[in-house]
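Have a look below at one chain only, the form predicted alone, in structure tokens format.
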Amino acid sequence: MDEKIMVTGSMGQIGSELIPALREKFGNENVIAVGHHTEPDQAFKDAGPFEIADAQDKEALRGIIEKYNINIIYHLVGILSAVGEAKPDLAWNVNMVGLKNILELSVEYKIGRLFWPSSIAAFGPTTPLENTPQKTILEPTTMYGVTKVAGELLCQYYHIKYGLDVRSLRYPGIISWKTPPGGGTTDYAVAIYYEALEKQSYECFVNENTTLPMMYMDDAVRATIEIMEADPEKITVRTAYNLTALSFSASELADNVGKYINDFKCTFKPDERQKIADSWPSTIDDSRARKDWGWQHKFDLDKISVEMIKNLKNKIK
């Protein structure tokens, strides 16, 4: 059977870069992008099928699954951490109702594989913050984190009860040049590059010692495709796999950016996002992902900075 892939949240940070990678691998017409309300640019629309649907609208999703005979789904829709704290009801409804709709439809239409993203937001202040293990305390203090823990358990439930092949990753902070910061607590690691190029300065919203797990988008996209292509028998975690590449402090990031942009100055003025960042781990043990399906990251901090600055120079000039 040909793979017919639906990607919800297609205009978000991950979706906007995962879709081109999937289309290169499986063919443009076999990857159906689904967005909520953001109208994509013409190049995106010309590249392959695009449909508009709200993840909370189960019948709209059903129509797309039937129209294209979908058999693989990447459900990426989500309200992120900082926005979720400002609008907790919206975060719950979008993140949980949307996921429940996709899970129910996946069982009904016998979807072969389903991917759903979790996050380090599933952790909380009672979680061990150094070398956080795969199985650990999950007591988040944000609505975003609550939806991630509930989502992980719901995915595992559908696997156990219905045999649904659902797979998930706990993404760290993701650094990308293609989409602007979108309301996440780790967005300082993206915004710093924009402002360094435009202003030679940046006021960081977490303190200089804040250290969080991070990953370049190319690694995140590759990890997402690799876990979906892994032998089902090798997938031993049906909540979500820990995933990481590297950890660095906000001051280490600022110093690294300064290596490549002359006269760059970074100041630190923590806001309400500091409390969220403090509840998340600084380093993560992702040895289970590396053992089960061969995960390996490729980008270190220097390589990330070189790629970000090179691409953003072309984007914002």
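What you see is a predicted model, and the numbers here were worked out from it, not measured in a lab. One rule holds for the numbers: they count along the sequence shown, beginning at 1.
Same protein, other form: the form predicted together with 2-amino-3-ketobutyric acid (AKB), not shown, and the subject of what follows.
Would you mind picking the one in 147, 186, 168, 242 that has a heavy atom within 4.5 Å of 2-amino-3-ketobutyric acid (AKB) in the model of the complex?
After the contact test, the surviving option is 186.
Identify, from the list 210, 81, 95, 176, the residue with a heavy atom within 4.5 Å of 2-amino-3-ketobutyric acid (AKB) in the model of the complex.
The residue from 210, 81, 95, 176 that makes the contact is 81.
Using a 4.5 Å heavy atom cut-off, which of 117 to 125, 156 to 164, 70 to 78, 225 to 233 contacts 2-amino-3-ketobutyric acid (AKB) in the model of the complex?
After filtering at 4.5 Å, what remains is 117 to 125.
Scan 270 to 295 and note down the residues that get a heavy atom within 4.5 Å of 2-amino-3-ketobutyric acid (AKB) in the model of the complex; none is a fine answer too.
Read in sequence order, the lone residue that approaches 2-amino-3-ketobutyric acid (AKB) (within 4.5 Å, in the model of the complex) is 280.
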